[in-house]
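One chain comes next, on its own, written out as structure tokens in the form predicted alone.
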């Protein structure tokens, strides 16, 4: 079910929590303060520096950059569209249309992070819930391979640990138990105190197996240094939870070659308890891209559109269409990057391959990747300078309402103009 949130406050696009209680104070036509926002949100909301579009490093007007981008994409034989996790759902849908028009491969950052978990949730293979459910009902919280205190700074104060909900009125010290499972101590693990379980890298599956043994009354065994009594204590807390939530971070996702172990563990745990899983998606609308592409193709990422002999579109999917494989194998002859920065998110050995192909960037911010780009098109910043919709970390649809008008086109309209030129 899709839920729309609308109120007098602004929505922060700083992360996938999409906090909807931000009070904006203006000084003239400029944003002066963003009350209630975390440090990530404030930096994104207040950074409205005017930047220019570029061709080959030279400043040009936006229309010239759009025309050049369309020319490059129209002449490409194997174009790649990548990013869109920091774009509105409307822009994502237009990008999918563009991919179909030019027979492109389309992918996003979930291809090398939370994609498998989001895919399983959309297929109803993993039990999930909303953040509002967490606030109202959750008594056991598990931060597994996640550090929300830094990645999603307001999760605990707004939804998870501290707030009082419908059935959690006695406060965090009595009504909620927080557990952290991670390879190192973090700000979130300090919050959990004695319920911090430090494990070696890539041993998450082994711990799940041990916990499963404990659930059924068997003695748990692991190859790493952790007391058996502590595993038994953890299994008892999980089994007795009335409403549990696992916040799955990249530490958990990267420790698995697939998610079968996670699915099997959650299924077994739910024969004794009532647990849900929420992926700790980083970019504010990664869930939106995954859901939009899934609705269109049945896949959350790694899709290639190919016109067959009859002129219809075939949909191809697989690891070979991931952005990492595409770039590593030098497959694309033109790359369109929207709202992301491969030079800060990908291995350098892969990202540097962008230097060898014509590269187009649509982004409101200055990035490292644009230093090698042939075309840079400046867009309005979603949720601040233009509106639209986005899908929150838990699958809830949130409306973004612009705060100021910068005069820039949003990425949705830029993509539409590119298609008009093609």
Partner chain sequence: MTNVMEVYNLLPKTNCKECGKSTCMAFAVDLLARKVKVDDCSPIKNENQYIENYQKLTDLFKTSDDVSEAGLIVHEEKCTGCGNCVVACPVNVSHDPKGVALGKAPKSNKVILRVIDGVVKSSNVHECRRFGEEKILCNACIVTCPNKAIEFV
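All figures in this text were calculated on a predicted structure; none of them were measured in a lab. Numbering follows the first chain given and starts at 1.
Separately, the form predicted together with the partner chain exists; it is not shown, and the next lines address it.
The contact residue chosen from 70, 60, 357, 42 relative to the partner chain in the predicted bound form is 42, the criterion being a non-hydrogen atom within 4.5 angstroms. None of 254, 343, 162, 272 but one reaches within 4.5 angstroms of the partner chain in the predicted bound form through a heavy atom, and that residue is 162. Not displayed here, the partner chain is approached by residue 21 to within 4.5 Å at the level of heavy atoms in the predicted bound form.
The partner chain in the predicted bound form is approached by residue 190, whose closest heavy atom lies within 4.5 angstroms of it.
With a 4.5 Å cutoff on heavy atoms, residue 35 counts as touching the partner chain in the predicted bound form. Within 4.5 Å of any heavy atom of the partner chain in the predicted bound form lies no heavy atom of residue 213. From the list 153-161, 137-145, 122-130, 317-325, the contact stretch for the partner chain in the predicted bound form under a 4.5 Å heavy atom rule is 153-161.
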